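Consider the single chain below, provided in structure tokens and representing the form predicted on its own.
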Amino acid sequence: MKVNWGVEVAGSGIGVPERVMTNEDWAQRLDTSDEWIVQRTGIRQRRWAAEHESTLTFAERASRAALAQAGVTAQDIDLIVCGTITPDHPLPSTSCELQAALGCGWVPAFDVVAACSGFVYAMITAAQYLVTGMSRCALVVGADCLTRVCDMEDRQSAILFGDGAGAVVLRPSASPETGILATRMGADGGRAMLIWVPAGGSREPASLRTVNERLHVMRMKGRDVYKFAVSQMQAVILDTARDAGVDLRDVNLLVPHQSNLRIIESACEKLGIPPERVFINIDRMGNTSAASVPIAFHEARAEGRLRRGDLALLVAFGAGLTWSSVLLRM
């Protein structure tokens, strides 16, 4: 929706594993090839967490980088919201563990569970605290280690995922012309089982049977998700621009969730958005779930693809099924 947000991004940062998993590496493990993977997904490599690393590892790295770029300290942060579906533990939340790791004060900290839409959901949630005056400096993080929950024996899905985190610091806008202009959030719970992990929750607690039957790994109906993502991505982009009273041609850069290059290209082609106005890093990062959009957003800023006054449209969709978007002027 369009409101008088008055909220801007003061800084951003990322944290990704050093380990690189290439398509050639996958070809040695599964019946696949570099050509097969690139043709269907656009992915050439992705980052994998080492054994001693976790979601919190990358969330902390990304957060420290964002704080440094924003020129603030951990003590300046008065709210932490983290989007993740792979917390280090079922409880407490990643946000609470991150608060302690950074050395923040006893500020509110909570997680948002919206899968690949998680960061944008978290960003919109945190922004509302700034709008109401309940926060003056919020840390928003998207972090996931999907390689810990994906099915490593499924060549259709395993090759998609990577690990990492991205973070931004939100603060009141210095000018009414900059910052968040419009947002969109939505969900279709009727399609929840298109992407899901069958066991590990209260309905199907962990047991010897669930482990033996591999019920703790992600399952996905890729073809159905593909159809949904292409159509919903188009709708969300159009609706968000319309909410802000912005012509889609005036959007300088689209920063989409890096799910599948074919999904992004198909949606953009139908909307008439040229490739040079779309940021792509899926070839290097793969699908990092909630980390996808903030990693891409930070890299776009670092590469000079987003400058002061530019319009950036962040859009994501994921399990739930969920979708979300933020249009902001840099």
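Numbers follow the displayed sequence, beginning with 1. Bear in mind that the values here come from a model prediction, so they are computed numbers and not experimental data.
FYI, the form predicted in complex with oxa(dethia)-CoA isn't displayed, but the following is about it.
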item	value
Location of oxa(dethia)-CoA contact in the model of the complex, chosen stretch of 101-109, 87-95, 184-192, 224-232 [non-hydrogen atom, 4.5 Å]	224-232
Contact assignment for oxa(dethia)-CoA in the model of the complex, among R29, K270, R284, R40, heavy atom within 4.5 Å	R40
Of A300, A65, I263, I280, the one that lies within 4.5 Å of oxa(dethia)-CoA in the model of the complex (heavy atoms)	I263
Heavy atom of R155 within 4.5 Å of oxa(dethia)-CoA in the model of the complex	yes
Non-hydrogen atom contact I159 with oxa(dethia)-CoA in the model of the complex at 4.5 angstroms	yes
Proximity of C116 to oxa(dethia)-CoA in the model of the complex, heavy atoms at 4.5 Å	yes
Residue contact check: V251 to oxa(dethia)-CoA in the model of the complex, 4.5 Å heavy atom	no
